[in-house]
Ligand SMILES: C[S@@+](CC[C@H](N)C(=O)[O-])C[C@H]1O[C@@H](n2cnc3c(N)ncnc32)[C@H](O)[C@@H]1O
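Have a look below at one chain only, the form predicted alone, in structure tokens format.
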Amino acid sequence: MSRIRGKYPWYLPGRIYDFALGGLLRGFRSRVAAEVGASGLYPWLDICCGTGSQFRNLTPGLGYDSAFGLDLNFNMVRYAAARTPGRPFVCGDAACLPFKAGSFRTVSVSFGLHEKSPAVRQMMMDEAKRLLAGDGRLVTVDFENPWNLKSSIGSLPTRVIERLAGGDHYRNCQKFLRRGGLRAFLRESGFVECSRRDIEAGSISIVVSRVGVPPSI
């Protein structure tokens, strides 16, 4: 595990990602921050944090000082730390998180599930369960299968982007949707939904869930 500090603001892939997708993702970032802020469940770990944009422009004094970002790409983490001064970022694997059990009351992941293989996705959720304290919440943002005409139309641009990504990214996304998208994945992974916000543009959902209670025998 490496906790990153220092200056690295000109990492080109990070700049390209922020330029291409920063505006599109800003609304999702704000909604995730609002969900976490409303619950007051800190500390908060954002896995697959990428450029760290989830933590930019947070309102001070709402507990966000105990929010951490984690990503496997060392250079991206350096970039995130440089773009978000004062915020701790960690270089680590979301499928093998370098923290003690019960360390966080919120774990979030935005658009970091659909692109992973089924095995890695499940490992990530197992790790999220391990890290969450008893009253903890998982906040996820990812694709759903369209549920009405508007969401079917809204899904077209994102499906084009996924197709252009190609390779394992596209194939894993197709598997994710064939199995039922985010709703089915959370249920299969042992999480129970507390709330959701379905967004027709992109056929995307923001879901707050908790670890399910095992059935009694």
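Just count from 1 along the sequence shown to find any residue number. Because the structure is a prediction, the values reported are computed rather than measured.
In what follows, reference is made to the form predicted together with this ligand, a form of this protein that is not presented.
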With the partner left out of view, is G50 within 4.5 angstroms of this ligand in the predicted complex by any non-hydrogen atom?
-> yes
Classify A81 as contacting or not contacting this ligand in the predicted complex by the rule of any non-hydrogen atom within 4.5 angstroms, answering yes or no.
-> no
Using heavy atoms and a 4.5 Å limit, would one call F111 a contact residue for this ligand in the predicted complex?
-> yes
M123, heavy atom within 4.5 angstroms of this ligand in the predicted complex = no
Among 81-89, 113-121, 130-138, 98-106, which stretch has residues with heavy atoms no more than 4.5 Å from this ligand in the predicted complex?
-> 113-121
Between 121-135 and this ligand in the predicted complex, list the residues on our side with a heavy atom within 4.5 Å.
-> none
